[in-house]
Ligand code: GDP
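What follows is a single chain, given as C-alpha cells, in the form predicted alone.
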Amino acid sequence: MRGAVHSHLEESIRPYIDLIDTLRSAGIHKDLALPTIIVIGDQSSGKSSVLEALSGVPLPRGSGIVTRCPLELRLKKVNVGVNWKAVLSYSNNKIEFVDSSLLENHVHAAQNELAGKGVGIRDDLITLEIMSPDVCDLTLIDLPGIARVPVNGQPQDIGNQIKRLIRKYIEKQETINMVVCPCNTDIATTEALKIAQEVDPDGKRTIAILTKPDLIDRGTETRILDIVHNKVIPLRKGYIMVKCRGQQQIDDNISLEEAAQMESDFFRTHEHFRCLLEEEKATIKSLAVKLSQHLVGHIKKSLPQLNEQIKKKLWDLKNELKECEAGPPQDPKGAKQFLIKTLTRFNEEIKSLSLGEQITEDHLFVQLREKFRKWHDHLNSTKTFCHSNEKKYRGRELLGFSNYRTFENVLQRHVATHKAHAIKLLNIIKGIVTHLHVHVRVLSIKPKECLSFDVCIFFFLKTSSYSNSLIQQAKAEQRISEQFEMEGMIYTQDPIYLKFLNEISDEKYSEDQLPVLDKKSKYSEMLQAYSEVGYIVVQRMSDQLPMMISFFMLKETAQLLSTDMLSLLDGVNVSELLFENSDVGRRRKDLQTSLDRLTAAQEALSDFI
C-alpha cells in the first residue's frame, strides 16, 4: 500500500483526523461524543484480519474473544523520517517500540492488565498509534467480537456484556458504525448488523465490510452481489468486500504486502466479483480510502455542533467552579496562613454579631428586641392579677387583723408563674444565636458548596458552637433560677413602694402613715403596687432577664468561641485540620480538569470553525 492510498487527499484529511485524535487524547470524549469509526462484528467474522490489513501489522487474532478492551487504532501515514513506529497507551502507561513483531504481545499484556488474565472484558480504552509510510490516515476503535455461546470459562452473560459495551459506543450519533460480516453466512442473521440497525435503522451511519469471499458456496455469488449493491439490506454508506490473509497464509509466512497483491489478483480474476474492482467496492485499498473519506466528512459535518456543545459545557463548568472557588492551600505555609485568615474572619464576624454590627438578613438584635418586648408584654399582662375581693386573700386571722405571710405567699406564687416563660425565652434566644453563629461560619469558611471540612475546622466550629451554647445556656438558666428565688423574698425600698402605691390609691400616704396601711381592705392595692413598682416584678424582671440572657448567650458565648478558635493554632496539624472532604476535592479537581481540556479543545477547534 506504500504511496498508493489516497496520497492526493493526505493534506486535506490528516488535519481533521489529527484534530479528533488530539481531542480524544485530551479526554474530550469524557465530556462529549467525538466523531469516530467503531468496528464491530461477530466472533470469527474476520474483524481482526481487516484491521491487520489496514494497519499493516499483525494484531492479536485467534478463536474466542481476542479483543477484550476497546482498542483505538490510530494510523498515521508518514513519508519521511520514520520507517515504522508504534505507541501503545493505556491507563498511565505509555510504551514506544519500533519492532512490529512485539505488537501482539504488548496488546495482550495491556488487555491482561486491564481486564485480567482470562476471558473477561473491560471498558478501559487502549490506544495504539502506528506511524508508517505504508498505512492510511485513519482512526477507528475496535470493540470485542460478539460471542453467541460462552466457552472456556466465559461468564454466562458474556454475550450481553459485549452487546452493552457495543451499544454504548455505536448509539451516539457522532459515530460511523463499521460492521464486519463474513460472506459465507446469512447477513440477516449477523448479530453485529442487527445491533447496528437498532441504533441506526435508516443505515445513515453504517458501512458493512464483507469478508471471506473465497469461502462462499458456488451459486451464491449473485446473492452476495445483491448485498454489495444495496439490494438486500440498504446502507447509506454501502458495502465493501475484502479478502484478507487466512490462517493458512499466515502459517505459510505470507506477508501483508504479498496478501494485498493476492487480494487484488483474486478480485481481478474472479468471474463474478471483478466488477467490484471497477466500482471501488472491493479490496483493503478501497476500504481505506472510503473509511478516511467517510470519517473526515463526518468530522466536518460534526464540528459546528461540537463547537456549540463545548461552548455550553464551558459556560456550565465555569458557573459550577464559581460555587467552589479554590480549596485550602496544599503547602504547609499557605495552609497555616489560610487557617489564620479563616479564624480571624470568624472571630471578627462573631464579635461584630455580639455588638450588633453584623447586619444580616435575620439581624440578631431585631430578633432579640422583638422577643424581649414580648417578655415585657407578658409581664405587663399579668400585673393586674389582684382585684378588690378581700376574701380571696383572707387567712385564718379575725376580721380587722392583717397577715403579712398571706400577702407574701400571694406574691411568691405570682412571681413563680413567670419562670416557665423565662426558660422558654432562654431557649428561643439560644436557637436564634446558634443559627446566626452557623450563618457566620458559612460566611467565614467560603465557599460553602465545596469547602466542607468534615473532621476539621467546619466540624470543630459546629460542635464547639453547640457545646458552648449548651454551657452558657446552663449558666443562664442557673442565674434565672437564682433571680426567681431572690424575687420570692419580696423586697423593695419604702420610698419606691410608696410612690407606686400613691399612684394607684385614692388616698395619699407617707412613711409616717405606714401602720395605717396594714389593713385587709388595702391588700389588693398593696399587691398591685408591688407588682407595678419600677424594679419590682415587671420592671426588674423585664430588664434583668434580657440582660442575663444577652450576657451569657451572646457576649460570653462569643468570647468562648473566639478563644476556642485561637487555640486551634497551638500545636495543631494544619494539614490534618484543613483536610478537605475527598468527594469535594475530587469534584473541584474534576471540574477544573474538564475546564482545562475543554478550553484546549475550543482553541484547537478555532482553526476549523
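All values derive from a computational prediction rather than experimental measurement. The first residue of the shown sequence is 1; numbering continues from there.
FYI, the form predicted in complex with this ligand isn't displayed, but the following is about it.
J.: Using a 4.5 Å heavy atom cut-off, indicate which stretch of 408-416, 287-295, 75-83, 205-213 touches this ligand in the predicted bound form.
T.: The contacting stretch here is 205-213.
J.: In the predicted bound form, which of the listed residues (49, 557, 55, 36) lies with a heavy atom within 4.5 Å of this ligand?
T.: It is 49 that has a heavy atom within 4.5 Å of the partner.
J.: Which one of 246, 133, 120, 238 is close to this ligand in the predicted bound form, taking close to mean a heavy atom within 4.5 Å?
T.: The residue in contact is 246.
J.: With the partner left out of view, is residue 250 within 4.5 angstroms of this ligand in the predicted bound form by any non-hydrogen atom?
T.: Yes - in the predicted bound form, heavy atoms of residue 250 and this ligand come within 4.5 Å of each other.
J.: Taking this ligand as it sits in the predicted bound form, is residue 276 in contact with it (heavy atom to heavy atom, 4.5 Å or less)?
T.: Contact with this ligand, no.
J.: Quick check on residue 170: any heavy atom within 4.5 Å of this ligand in the predicted bound form?
T.: Result no; residue 170 lies far from this ligand in the predicted bound form.
J.: At 4.5 Å between heavy atoms, is residue 544 in contact with this ligand in the predicted bound form?
T.: The answer is no: residue 544 has no heavy atom within 4.5 Å of this ligand.
J.: Using the arrangement in the predicted bound form, list in sequence order the residues of 82-116 with any heavy atom within 4.5 angstroms of this ligand.
T.: Sequence-ordered list is empty.
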